[in-house]
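What follows is a single chain, given as structure tokens, in the form predicted on its own.
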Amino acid sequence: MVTDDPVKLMKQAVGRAAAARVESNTVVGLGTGSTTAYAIQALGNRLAKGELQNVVGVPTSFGAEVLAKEYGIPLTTLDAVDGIAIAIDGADEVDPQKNLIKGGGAAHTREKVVDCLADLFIVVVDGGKLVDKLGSKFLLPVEVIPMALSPVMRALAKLGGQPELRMGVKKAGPVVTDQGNLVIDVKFESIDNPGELEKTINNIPGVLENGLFVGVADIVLVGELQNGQPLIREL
């Protein structure tokens, strides 16, 4: 792996910037994704150096759990804590109002639970994730219980979407979430009211959760490259 890859360096810088905001004696929501992975690594490094004490994490996916254990971050569950002080997570799209589309890693249901519970939710992204309107580049993920797949796809089509079952890469068959469900990726020509669409989709029987995160993000840290060097700005 090329250690001086500018994109990697930028993602590392964003991850470190988010991890730097974590304080001792707190519960931290640990998100899923390539940029968030660097935040988990940076948080583990701060704990190992003694910069932080008594920090425990709530992972949003099996992948985040594995990373946290690798970097020495103690883990807990929502049953064992009263709240979450800060959550750090990525996004697939961010609009000017800090609304998000998430779910590229099929973890958006657990992510929404953890991120919405956090007192402070920090989003870490690269500049390519910024859009004028949600749905411009990324399909909207919808987690659905398997028995309801066909009726939910028909309902999404009636809403003007073009639904498609997400299939696995390097495996036969569809993607299966940590909850044992399926993911439908939906193309909408225009998401004019993300808040309304989020509620409408979640009211379809058989839908567990969709990837619209409206009014949840508090801080968005954006990593960009300027003259080949990482630059972090807050949205």
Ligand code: 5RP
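Numbers follow the displayed sequence, beginning with 1. These numbers come from a predicted model, not from an experiment.
From this point on, the text means the form predicted in complex with ribulose-5-phosphate (5RP), which you will not see here.
Contacting member of I84, I122, A107, L134, with respect to ribulose-5-phosphate (5RP) in the model of the complex [4.5 Å, heavy atom]: Filtering the options by heavy-atom distance leaves A107.
4.5 angstroms heavy atom contact with ribulose-5-phosphate (5RP) in the model of the complex for D92: Yes.
Contact label in the model of the complex: N210 to ribulose-5-phosphate (5RP), heavy atom within 4.5 Å: No, no contact at 4.5 Å.
Partner contact for S34 in the model of the complex: ribulose-5-phosphate (5RP), 4.5 angstroms, heavy atom: Because a heavy atom of S34 falls inside 4.5 Å of ribulose-5-phosphate (5RP) in the model of the complex, the answer is yes.
K129 within 4.5 Å of ribulose-5-phosphate (5RP) in the model of the complex, heavy atoms: So K129 counts as contacting ribulose-5-phosphate (5RP).
In the model of the complex, segment of 201 to 209, 186 to 194, 25 to 33, 167 to 175 with a heavy atom within 4.5 Å of ribulose-5-phosphate (5RP): The contacting stretch here is 25 to 33.
Contacts with ribulose-5-phosphate (5RP) in the model of the complex - residues in 164 to 195 whose heavy atoms fall within 4.5 Å: Stretch hits: zero.
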